[in-house]
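Starting off, we have a lone chain in the form predicted on its own, written out as structure tokens.
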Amino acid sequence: MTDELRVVGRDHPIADAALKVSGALVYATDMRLPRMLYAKLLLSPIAHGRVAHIDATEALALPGVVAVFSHENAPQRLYSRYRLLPDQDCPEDEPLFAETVRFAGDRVAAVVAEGLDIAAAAVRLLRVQYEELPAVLTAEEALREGAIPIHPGGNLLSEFEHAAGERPEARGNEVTVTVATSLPRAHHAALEPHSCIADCDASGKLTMWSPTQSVFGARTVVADLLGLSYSQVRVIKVPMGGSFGGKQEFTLEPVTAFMAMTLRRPVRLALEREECISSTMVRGASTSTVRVTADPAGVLKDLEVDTLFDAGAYGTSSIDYVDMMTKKLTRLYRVPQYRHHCRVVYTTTPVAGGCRAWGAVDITAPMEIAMDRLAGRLGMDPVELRLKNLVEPFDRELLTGAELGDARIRECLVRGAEAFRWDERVQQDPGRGRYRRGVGVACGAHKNGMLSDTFPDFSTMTLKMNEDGSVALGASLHEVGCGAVTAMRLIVAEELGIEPEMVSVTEADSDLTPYDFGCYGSRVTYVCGAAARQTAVALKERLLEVAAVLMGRPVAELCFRGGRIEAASAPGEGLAPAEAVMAAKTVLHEDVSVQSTHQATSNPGAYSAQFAEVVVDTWTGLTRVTDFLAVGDVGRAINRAMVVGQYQGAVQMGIGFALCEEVGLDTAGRVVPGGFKQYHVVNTPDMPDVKVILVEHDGDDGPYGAKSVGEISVVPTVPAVVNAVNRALGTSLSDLPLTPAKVVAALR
């Protein structure tokens, strides 16, 4: 498929790779501004209580301390750190500093000082008296009669149900399985901890440097909270060392901006790893009970799901997050009737927020574990059962009626089963000794952008050609570390017929770059990439218009040929684009630049089928993934090496979610301390060789047919591993992660 393309579909290095490995890339924590101050937070040591008194006398007496902030001298207006648009409906329930702390890690106070060591020492000198209240540590406990309300109005943040379709009349004996699957809180585990710098100049202009996923969203939240016009707030996206959704909400920006505006000096706030785990956001804990019914042939007849989701101490994105969960399963399976009942609950635990794939992992794991259970009840091969029920290309989703586009999940599953030798390996004896071997399979679906009946997705970009023929793409990109800037560079270079090195690409700056919603919802490649291509096409049209005036020929007679603009009827007569740009400036007194807005017209499904082999040590309960295959419906790989790398990294994250990652709490609701010493991720030596197959085609509206891959790549990994463990052991484990203790307990 890539033969007709010059650069798209090949392997290219990420634009900033050399800067990263050499240590030359400047992150927020590397920045130094004149007269910059350093802030350190005091976080609540208790899960629930009232701050009765704060004594800052000793802290303020420490040389170099500039200020101490708390609820006593900060705005008490409640806000939502998640809000993206000014009129967005989301719970505003969080203060800058808490008078009533609602989780261990809540912001109580901040010290600002001339140096970081001084700020850290001063925080230890703050004396706080708490009136402790009962902690509410689980969603079930929060819903019990008589439970203490965490917020006015009670602990049930939201309850809703989505339903569609009609159950067909039963013919023959139907089989129903009901499986409850629990997923714990998880840390995003980006290499770069959270940080932000803010400065307020003498005119009152507030500027923030942040590794955020939406500069315009951050501007909206901060300006509205502090009573500033949007023109008084500038947010500049700085290099980001990973996010996985952990930096899409504005956790540090509001408090940093307030301190800088109050002190009229630059303020830097950066967290340590343990603070990131306890006080920013986690993937929320959830339990989903799946009840699925099929006829004797394995055709699904009914699907009912009940989800209980722990939002933690503040609402942020939890309602929308759970709402998105309800829309994932009907993108994957054909089912005549679907009902999903959801409850979102406050607890006095770390705040839940957006996490990679936005609910798809949380709901796909329960569904795919249930599908394997159903296959066992039917005496059917798990791949065969899925093939009977997966969506077809250009099906419409049952719940929303949206067209799924050229959905190639069946092709993913068939090609994957063949490459993995599924038919042979699934029949192998897992063994009877200490080590048991098993294989598992799972499928997953996601989306490409945010387009829906209630959200019009679009992106605006500018593009200008320089005097030497190079070009500058002005775009509000939010590179999270996976190569989005490189992808845009390749798309523009492909369309203009120039080398990628001739294309410069900006990241987002709310004062200087055009509006874009940000890095959310797998929209960057599909929506922003389409905008980049459309803008490049517009620049070519502009060049033809300029050349037509300079050459005295109608535009219709001109074309691009061999890197030049020539008359179709007179080969060899014409201009190089750089010559046209120079002549436009010197003869026509015009610049050669364009602005274009791409409006998304579709939101097709993104798909992946994944296969895992595991070996389980029945004495210790330790599980090792020994082989893995990921097959992705990518439409078109813009940068092939980058896409393969995305899948391999996603699989590593998914294996961690399945086997070991969990933000643990003690009985008082405090996060178990220790950072990465206690929060275990899967390290490189523990990884199998992850093989990746890309299913490519031209059936969707992304640039050159491309779909997004950053989120769908992680969706089926968890259940593929869990299903392999259950097949190896003959167990029915569904309480994640599958720690050694849980495995041993199940065997006993």
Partner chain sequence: MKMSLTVNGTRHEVDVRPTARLIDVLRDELGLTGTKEGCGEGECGACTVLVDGKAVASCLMLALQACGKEVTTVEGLAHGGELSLLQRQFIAHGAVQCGFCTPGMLMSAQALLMENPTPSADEIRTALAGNLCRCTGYSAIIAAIRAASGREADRADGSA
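Numbering follows the first chain given and starts at 1. Predicted model, so just to flag it, every value in this text is computed and none were measured.
The same protein has a further form, the form predicted in complex with the partner chain, not shown here; the description that follows concerns it.
Contact here is defined as any heavy atom lying within 4.5 Å of the partner chain in the model of the complex, and by that definition not a single one of Glu174, Asp381 and Val715 is a contact residue. Checking Phe517, Phe657, Trp209, Phe420 against the partner chain in the model of the complex, a heavy atom within 4.5 Å turns up for just one residue: Phe657. Taking Met36, Ile54, Ile693, Ile46 one by one, only a single residue has any non-hydrogen atom within 4.5 Å of the partner chain in the model of the complex, and it is Ile693. Annotated contact segment (heavy atom within 4.5 Å of the partner chain in the model of the complex): 23-31, selected among 46-54, 23-31, 699-707, 717-725. Not displayed here, the partner chain is approached by Val681 to within 4.5 Å at the level of heavy atoms in the model of the complex. The closest heavy atom approach of Pro685 to the partner chain in the model of the complex falls within 4.5 Å. Taking the partner from elsewhere, Val644 is found to have a heavy atom lying within 4.5 Å of the partner chain in the model of the complex. With a 4.5 Å cutoff on heavy atoms, Phe244 counts as touching the partner chain in the model of the complex. With contact defined as any non-hydrogen atom lying within 4.5 angstroms of the partner chain in the model of the complex, the contacting residues in 465-499 are Val480, Gly481, Cys482, given in sequence order.
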